[in-house]
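Shown here is one chain on its own, the form predicted alone, set out as structure tokens.
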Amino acid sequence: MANLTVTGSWQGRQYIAGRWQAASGDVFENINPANVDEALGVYPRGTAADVDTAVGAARSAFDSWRRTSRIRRGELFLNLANLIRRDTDELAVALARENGKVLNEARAEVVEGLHMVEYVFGTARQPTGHMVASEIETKDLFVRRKPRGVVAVITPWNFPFAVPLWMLGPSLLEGNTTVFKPSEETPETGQRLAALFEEAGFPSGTINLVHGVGEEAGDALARHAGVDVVAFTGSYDVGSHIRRLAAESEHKTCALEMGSKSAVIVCEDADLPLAVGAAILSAFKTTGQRCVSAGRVLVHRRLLDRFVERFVAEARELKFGDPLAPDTFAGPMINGAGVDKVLAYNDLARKEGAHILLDGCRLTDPSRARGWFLSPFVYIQEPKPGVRTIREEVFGPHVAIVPFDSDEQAIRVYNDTPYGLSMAVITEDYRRWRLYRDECDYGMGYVNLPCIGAEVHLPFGGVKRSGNGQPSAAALVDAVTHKTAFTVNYDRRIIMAQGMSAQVSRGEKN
């Protein structure tokens, strides 16, 4: 890195208690994954002290914010939506440069974030509770939602605009205040987002931004006693660490969306061109670096040869290159550690006896040699016991094609992994897709579609190692609020439920 060139005009700042603060200590560089000689900016390496200040600011703002009219809180999201719409193209270019996602995908992500903000604005005038019947005709029973307090929002680099809004939006609308730590791989997108919240008029302390690395700022935020909820999207290892920290607290909860070994299941009656298209998009969009990316394509053996021929031909023609070039299908890996992990799993597939169809490798031609570029690695692997490559998450352009002979076997193979996030089944038989719908372990299922592409008004989360039952997006509301029961008596007498006596017995005086 001796020849590193800083080309970005952005100088990193923390945003705490409504004030932008320059780095007072160590910093880190934001590196362009398509050209590792280029730094896009320099950012503060947040400390536990920075986290403490940010949590204190959020705590101080909480009472005023929770008492603010819910309608007013929603109107601020309308302001935010208008600003995102204004800046969509600029945000997409910035995201593509630091994330490596191609420009079309980057723009789609910004639009996804916009949709979340519009959804939040639209729910501001919706009920926040409900009335239920009482055993006693002179009582009314109410169930209401109340904000939990301070929500820590810790987000990944692969969706640095949409995922923070999945978490910040419902949290803030419900009256919580927030501390946001974006990934150290994509700090500019996080800082731009915080600046838009400020411009939209969100009061001081309601959203606070702390940059930094996960082991320092992220860990301090998850541990902080002043945090009531941790909303996290990322790896299983980090998510399970956060869950342990939450369990040590007397009050803290967490909403976790973690890893996966998602799959496209191609049944014997599948429309073959549709199946190949769904599998290509699921496997290689975002260079396979989505939590819902298909690391496996399960194919009925009767279709195997024809599917493999078409899939390999299409995968071989995909262009992995400059994210800003209009003809690029996918960009680079995010960093060298990601490259090393994929190459290690490629080697493991060979050792496990896979039949290699496309031998993926580093791309070292002059236009890509300075970036973290990989070509697709595609292989056939029979579903044998103990095969790691068809059970463990790889997170890159590495895809196993797994033959199966019956629907029941496909379900067993699909479920034979510690994860359960996303699944797509390609079939023309409604009885068949119903079987997969009911028997597979997943949080998001699709029929005749890729296993990517969730919409914001649906829950986003999984089962087993993929989540803890508190999904993101629209469903985050249940994690950042708690329900309260409220009973009102209209009688001038006390009448108890369950037939319990309200008579006060009077015995002898003491």
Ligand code: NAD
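One-based numbering along the sequence shown. Not measured: the values here are computed from a predicted model.
Another form, the form predicted together with nicotinamide-adenine-dinucleotide, is not on view; read the next lines as being about it.
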Joint contact, Q14, R73 and L173 to nicotinamide-adenine-dinucleotide in the predicted complex, by non-hydrogen atom at 4.5 Å: no
Can you tell me if K181 lies within 4.5 angstroms of nicotinamide-adenine-dinucleotide in the predicted complex, counting non-hydrogen atoms only? yes
Would you classify G259 as touching nicotinamide-adenine-dinucleotide in the predicted complex, given a 4.5 Å non-hydrogen atom cut-off? yes
I'd like to know whether S235 contacts nicotinamide-adenine-dinucleotide in the predicted complex, with contact meaning heavy atoms within 4.5 angstroms. yes
Look up in the predicted complex whether P383 has a non-hydrogen atom within 4.5 angstroms of nicotinamide-adenine-dinucleotide, and give yes or no. no
Options 246-254, 157-165, 188-196, 318-326; stretch whose heavy atom lies within 4.5 Å of nicotinamide-adenine-dinucleotide in the predicted complex: 157-165
Which residue, F395, Y436, Y379, F284, is the contact with nicotinamide-adenine-dinucleotide in the predicted complex, using a 4.5 Å heavy atom cutoff? F395
Partner-contacting position among G218, P403, G360, G205 - heavy atom within 4.5 Å of nicotinamide-adenine-dinucleotide in the predicted complex: G218
With nicotinamide-adenine-dinucleotide taken in the predicted complex, which residues across 413-439 come within 4.5 angstroms through any non-hydrogen atom? L421
